[in-house]
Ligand SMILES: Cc1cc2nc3c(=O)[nH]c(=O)nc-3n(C[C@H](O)[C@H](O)[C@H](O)COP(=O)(O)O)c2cc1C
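Okay, so here's just one chain, in structure tokens, the form predicted on its own.
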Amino acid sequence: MVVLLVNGSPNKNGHTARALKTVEDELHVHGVDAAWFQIGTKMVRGCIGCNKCEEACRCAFTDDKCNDMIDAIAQADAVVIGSPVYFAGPNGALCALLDRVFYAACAHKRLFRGKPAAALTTCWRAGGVAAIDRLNKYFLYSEMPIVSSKYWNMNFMDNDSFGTDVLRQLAGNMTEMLKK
């Protein structure tokens, strides 16, 4: 079993990566592998509603990571998407990418249906719940069961022992869902 960890931060080694690493470490404790997808720092375009994705479940634009992300999610058994919080929302580049990924893969063919998914955020003080809500909507629309923890899947930067415990529980709950 493989869980895809999507780092929705442009910072490859920042707070979001560390939160996802906590999830990865706990998945390994339970015998589950993880694969990483880094959105990076290159420009990401938004969806233009051309509907060229309707037949192939692929975005017509091939100059960014959209189709690579579709493939990565399709190949994984589950997905965890992490994002830093910017003004009470996920990273804008991540949202632009996810708009296209989920529209191409799920609006016409339901490619990710039934695949367990979770969102997590890293933030300084506030906005994490609103950002998680936005990310969860991609899963709800796509008929993906949302994996939760014992609190909101948030981590408040460094030295957040409660947040770290929440993320470990998230990984444990993801493992249980995958093994059922």
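Residue numbers run from 1 along the displayed sequence. None of the values given here were measured: they were computed from a predicted structure.
Only in words, not in the display: the form predicted in complex with the named molecule, which the text now covers.
**Student:** Tell me which stretch of 63-71, 22-30, 42-50, 116-124 has a heavy atom within 4.5 angstroms of the named molecule in the model of the complex.
**Tutor:** Every other range fails; the passing one is 116-124.
**Student:** Please run the contact check for A88 against the named molecule in the model of the complex: heavy atoms, 4.5 angstroms, yes or no?
**Tutor:** Looking in the model of the complex, residue contacts with the named molecule include A88, since a heavy atom lies within 4.5 Å.
**Student:** So in the model of the complex, is the named molecule close enough to H15 to count as touching (4.5 Å, heavy atoms)?
**Tutor:** Output for H15 is yes: heavy atoms within 4.5 Å of the named molecule.
**Student:** Spell out, yes or no, whether the shortest heavy atom distance between T164 and the named molecule in the model of the complex is within 4.5 Å.
**Tutor:** T164: no, not in contact with the named molecule in the model of the complex.
**Student:** N11 versus the named molecule, in the model of the complex: is there a non-hydrogen atom within 4.5 Å?
**Tutor:** N11 belongs to the contact set for the named molecule.
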